[in-house]
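The data below hold one chain only, encoded as C-alpha cells and taken in the form predicted on its own.
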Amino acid sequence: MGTQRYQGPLEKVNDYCWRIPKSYKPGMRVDGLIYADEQLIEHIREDQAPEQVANVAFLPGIQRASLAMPDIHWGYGFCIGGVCATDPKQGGVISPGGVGYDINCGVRLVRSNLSLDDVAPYKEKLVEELFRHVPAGTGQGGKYKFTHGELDRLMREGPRALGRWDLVTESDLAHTEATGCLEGAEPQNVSQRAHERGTDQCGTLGSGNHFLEVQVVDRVFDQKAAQAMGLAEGMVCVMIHSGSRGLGYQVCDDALRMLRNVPAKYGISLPDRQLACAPIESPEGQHYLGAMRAAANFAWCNRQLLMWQTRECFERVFGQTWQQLGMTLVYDVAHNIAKFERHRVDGEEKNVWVHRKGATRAFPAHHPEVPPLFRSIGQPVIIPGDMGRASWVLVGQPGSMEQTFGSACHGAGRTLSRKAAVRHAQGRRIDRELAQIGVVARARSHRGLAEEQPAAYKDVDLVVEVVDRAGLAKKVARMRPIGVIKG
C-alpha cells in the first residue's frame, strides 16, 4: 500500500507548503497541509503518505488542519512526520497511530570540551568501546535490571527515579523536555507482558534507525543560541536516538487491540482501521493515555541510562571524569508523543491534545513551557540526519505556534524502505564506504547498516532548509558524524 504513488490533489500554498483540500474526500473535517519545497514534494508523491494525511483529517475534534512535516513518509495509520491536534471539548480523540509504536522515541544531544583534534587519534578505540559497552540490537538486554516495583517507579517518575542509584543529575533533568516526566502516568495500565519486555531494556539502544553517534560541530549559524547551548565549531558531541523499546511497543500493541471496536462503539467512522482511536474523555481514551505517559517516562529513563553509559566509555578512553570532559546534556526531545497543550486556534485559546508522530516540539522564545535555561532563545529542536551526512540543532520560532501547533520535523525521512535499502546495498560494504568519508561505523549486522545507509534517506540539509524557511525553527548548528554504533 505504502509503495503506490499518491494520485490525489496537492495545491501549492506557498514555496514551503502544499494543501490537500478537505473536498478531496467526503468525511475530511479539515484540509491537509504538507510542509515541503518543490524538490521534496516530488519525493513525497512517491508513496501513499499524503493519503494518510487526508485520512487523519477524518478524526473527530481535529483542529485547523492535518499536518505533515518535510520528513513525511509512510507509517502505521498516521504518516511519519504527522501532526494533529484534537479538542476534547469537541469530541476530540486520542489515536495510538498518531503517537507510534515506539512511544517517546526521541533524541538526546550531549556536548563535550573535546575538539576533533583531541578525539581523532582515539576515534576507532572510542567507537569500539561504545559498541562493546552500550547494548544495541533487537531484543538486546542491558546491565540495568529493574524489579516490577522499580519499573513502576521509573514509569511514574521518569529519570528522577534513577537518583536512588546516582545515575542522574539535577542538570540532566533540567535539560530534558518536561524534565523527563509526564504527569498522570498509570503504570498499572501497562500489561504484564510490557513489564516483562522492559525489565532489562532500560539503557539499551535497540535496532532500526536508532543510533549512538559521535559528531563534530562543523558550522554554527546562530552564535547567541549556540553559546546558550554550550556549542562551538570544532566541538565533539554525542547524539543518542532511542525510545521506549519493547515496553513501549507492547503498550501500543495492547492499545490497538483494545481500541479495535471502540470507534464503532462511539459512532466514529474512519477510512483506515489503523486510525483506531477513542474519545479523550472516554474510559478507553484515559486508559491509553495513562499507559502512554508511563511508556514515555520509561523512554526518558532509557536515554538517560544510555547517556550515562556513554559518559563512562569516554571516561575510560580519555582518562578523565565526564565532568572534567564537560559532557553535559544540551537537550533531550521527544518525537513520538501526544501532549496536552495550550494553543491559539482561529483566534481562541484552547487546550488541545497534540499528536506528534515523527515530529519535534518547536516552541519559541519566552514560551512558558520552554525550560528557563533556553527561554531567551527558544526550545532546542534536534534533527538527526543519516550516518553519512549531518544532523542539526535548531531553535523553535513563533511561526511554529501559528502554523503547526509548535512542531517541526524529527529527522531526514526515509526515501527507501528497509527491504529496498538492503537490495540497494547488495555487493557493497556500507561500513567501508562510510570509513572512506571518515565515519567509523559498528553494527550488529551488515543488514542493519544496509537498511540505514545514507541513500535510504532524504538529504537532511534540504529538509532543515524547509523548516527554517517556513519559520517553524531556526538553524543553530550543523554536526557531521565521525563515529556511529547501531543495532
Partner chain sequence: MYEIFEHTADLGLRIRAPSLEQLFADAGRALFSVIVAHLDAVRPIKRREFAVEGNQREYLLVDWLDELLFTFETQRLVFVEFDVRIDDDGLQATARGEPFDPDRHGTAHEVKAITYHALKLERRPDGWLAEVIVDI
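Numbering follows the first chain given and starts at 1. Predicted model only: the values in this text are computed from it and were never measured.
What follows is about the form predicted together with its partner chain, which we do not show.
Chemist: Check whether residue 287 has any heavy atom within 4.5 Å of a heavy atom of its partner chain in the predicted complex, and answer yes or no.
Modeler: Outside the cut-off, so no.
Chemist: Does at least one non-hydrogen atom of residue 249 fall within 4.5 angstroms of its partner chain in the predicted complex?
Modeler: So residue 249 counts as contacting its partner chain.
Chemist: Using heavy atoms and a 4.5 Å limit, would one call residue 138 a contact residue for its partner chain in the predicted complex?
Modeler: Answer yes; at least one heavy atom of residue 138 falls within 4.5 Å of its partner chain in the predicted complex.
Chemist: Indicate whether its partner chain has at least one heavy atom within 4.5 Å of a heavy atom of residue 29 in the predicted complex.
Modeler: Close contact is absent here: in the predicted complex, residue 29 is far from its partner chain, nothing within 4.5 Å, heavy atoms only.
Chemist: So in the predicted complex, are 37, 218 and 383 all sitting within 4.5 Å of its partner chain, heavy atoms only?
Modeler: No: none of 37, 218 and 383 comes within 4.5 Å of its partner chain in the predicted complex.
Chemist: Which of 76, 331, 374, 353 has a heavy atom within 4.5 Å of its partner chain in the predicted complex?
Modeler: Contact with its partner chain in the predicted complex is made by 76 alone.
Chemist: Just one of 206, 96, 378, 203 has a heavy atom within 4.5 angstroms of its partner chain in the predicted complex, so which one?
Modeler: Here the answer is residue option 206.
Chemist: Based on heavy atom distances of 4.5 Å or less, which listed stretch (61-69, 434-442, 420-428, 29-37) is in contact with its partner chain in the predicted complex?
Modeler: Heavy atoms within 4.5 Å of its partner chain in the predicted complex occur in 420-428.
Chemist: So which bits of 267-297 sit within 4.5 Å of its partner chain in the predicted complex, heavy atoms only?
Modeler: Stretch hits, in order: 272, 273, 274.
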